[in-house]
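Listed next as structure tokens is one chain, alone, in the form predicted alone.
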């Protein structure tokens, strides 16, 4: 007897925001397979019009409660590019360190609290706290470390106040950076233990060839600014982000969608790794290889592994950044800012993928046009096509040994979507 099933998930749990999964299979044929985004639209771009340049980073930091630092840094970069401001080496290192800490806390949150319950069969982190208390304590230590570092560098755990256009309003004390360094060194065993845990997970056997888009590495694994690249060989300048995103609207989505060389593409940790694997810290490369993740990998479930690999890279790169900062005298905290008429783009790799902010200013420093392209909006079309391919593979397998509803939920969760941020 051929397979038949009817999956209707409203709304998917353990993701940020509201999204639905609908799959209908009759007699081994896929009748319906959809990923739907039904979140109420938000209009941050319209809010920015008429605002002074100095207010943009504070407003945009409120777009997301998880990636508030990433939005703030993208906003700052867009303003600085519009006003021809080049941040000092010290500012650039402190910003990257702050960005690293946000990525670390976000990845750990997703891996342990949102994704791991699926692999360990607990349904949520609450039973996991009883069945695997050491794992949960490990996650809490890592997340607390990252949150404390964001507080010390950015002035707050989220919605940073110290990082501004031109530099910082206040610098962390070097003894505080040294404390972060000591805690980072102490957390390495926790990350290695996390890698051992992930080796016990059974990653679903699924692959759909797609295109991956990220920042392009020049000397280091990229997180802030630079050229854009795809695994299909497309390379664009940061200012040409619209040629990379090609946003469009579709019925059933309150978010815009994106495409490039194919009908969809993916951004995020797996995209960054696929494009920039050679620039990872050697320890991160080794762990990635041990976990079966080498470029170019087209299994979306491996996004989870890619996030873990990035956590390892981030810790070692942060140690290097702190070493440089501790061995250098503090410079002036902030450059003077002169507003001019111009346009600027800021591209930043936030945990879920590449984020773009674009502003156009009049001669008085007020915003006359704004555009924000969110990572999850770039992923929506790819998630949708993955769901369709997964349903087709399941229908053709002729077996009910696997739970298609759980597989579909795990697939979406692997992208770590931030749906509320995507609906512009």
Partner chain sequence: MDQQLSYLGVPLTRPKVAFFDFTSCEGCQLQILNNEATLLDFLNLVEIVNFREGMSEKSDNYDIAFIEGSISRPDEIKRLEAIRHNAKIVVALGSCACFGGVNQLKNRFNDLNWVKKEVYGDFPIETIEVHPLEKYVQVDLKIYGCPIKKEEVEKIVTNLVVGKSITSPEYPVCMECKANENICLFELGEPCLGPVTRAGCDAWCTNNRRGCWGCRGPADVANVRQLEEIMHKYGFSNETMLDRLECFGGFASLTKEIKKTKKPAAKRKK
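Residue numbers count along the first chain shown, from 1. Here the structure is a predicted model, which is why all the values come from computation and not from measurement.
Keep in mind the form predicted in complex with the partner chain is missing from the figure; the text below concerns it.
Interface membership of residue 130, defined by any non-hydrogen atom within 4.5 Å of the partner chain in the model of the complex, is confirmed. Interface membership of residue 64, defined by any non-hydrogen atom within 4.5 Å of the partner chain in the model of the complex, is confirmed. Heavy atoms of residue 333 reach within 4.5 Å of the partner chain in the model of the complex, making it an interface residue. Not displayed here, the partner chain is kept clear of residue 341 by more than 4.5 Å at the level of heavy atoms in the model of the complex. Only one of 325, 187, 306, 158 lies close to the partner chain in the model of the complex, with a heavy atom inside 4.5 Å, and it is 158. Residue 143 is the only one of 281, 181, 236, 143 with a heavy atom lying within 4.5 Å of the partner chain in the model of the complex. The three residues 14, 39 and 126 all sit with a heavy atom within 4.5 Å of the partner chain in the model of the complex. Heavy atoms within 4.5 Å of the partner chain in the model of the complex map, among the stretches 23-31, 361-369, 390-398, 375-383, onto 361-369 alone. Heavy atoms closer than or equal to 4.5 Å to the partner chain in the model of the complex belong, across 270-301, to no residue whatsoever.
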